[in-house]
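Just the one chain here, laid out as structure tokens, in the form predicted on its own.
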Amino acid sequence: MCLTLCVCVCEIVIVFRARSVSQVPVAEGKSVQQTVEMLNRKLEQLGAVKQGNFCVDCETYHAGAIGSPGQPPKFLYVMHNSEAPLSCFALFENGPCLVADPNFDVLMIKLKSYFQNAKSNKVESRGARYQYCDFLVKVGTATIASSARGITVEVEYCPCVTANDCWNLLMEFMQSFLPSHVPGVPSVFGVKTDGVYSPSDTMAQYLELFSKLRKQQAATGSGMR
């Protein structure tokens, strides 16, 4: 019997402007939540207006048989972003990013014999979404297995779709509310052939950040990748 599965692979119609995604250290003597609240207050003092909430999540799938002799494990990361509710992102480890419609999640269930979901590795970042002039800022609490593990800050400069053209402006703005921590240029900025920012670039930045959180989690003795 032949089983045929169809998934609509598409380009997102929402324009993603150039943005930076970074991890912010927890303030000394503060908890993750207290630091998030402090950052939100700084934005509000600048005049930023809250415009709802956001969520970015990432699930890890083991590709193929786990523990095959002589074969390193391969991973597929399936991600969602509330900014693109009609899309699903699938990023292969050290590989391309596939942008598909939400039916991709159904496909992953049907392919469970080939891709095993590592449920304990699910990471998500949730928080408030702020608008300040031409900037959109999202301060989120990153969790692994419902436990707070870090802070994410995403900053978008709305008028620009060319990453390298606005990095200095992004950095200058971030210094206004992150005086003790301004991130370096995201690695995805340096590998753009045409310079035009895409939705996949945002997800790649979140995946890099989430991977760091997993490694930090593993270093504490949880055994999590």
Partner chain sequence: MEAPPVAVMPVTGGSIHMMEYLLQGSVLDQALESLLHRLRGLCDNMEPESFVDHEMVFLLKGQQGSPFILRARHSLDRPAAPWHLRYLGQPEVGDKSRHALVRNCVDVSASHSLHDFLLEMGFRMDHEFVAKGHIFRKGALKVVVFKLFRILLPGNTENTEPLSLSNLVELSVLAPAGQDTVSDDMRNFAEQLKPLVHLDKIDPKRLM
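Quick caveat, the model's predicted, so the values are computed rather than measured. Residue numbers count along the first chain shown, from 1.
A second form of this protein, the form predicted in complex with its partner chain, is not displayed here; the remarks below concern that form.
Checking Ser31, Asn53, Gln175, Asn164 against its partner chain in the predicted bound form, a heavy atom within 4.5 Å turns up for just one residue: Asn53. Taking non-hydrogen atoms only, Ser113 approaches its partner chain to within 4.5 angstroms in the predicted bound form. At the 4.5 Å threshold, heavy atoms of Ala90 reach its partner chain in the predicted bound form.
Contact between Ala118 and its partner chain in the predicted bound form is not found at the 4.5 Å heavy atom cutoff. Contact between Arg129 and its partner chain in the predicted bound form is found at the 4.5 Å heavy atom cutoff. Scanning 158-177 for heavy atoms within 4.5 Å of its partner chain in the predicted bound form gives just one residue, Cys158.
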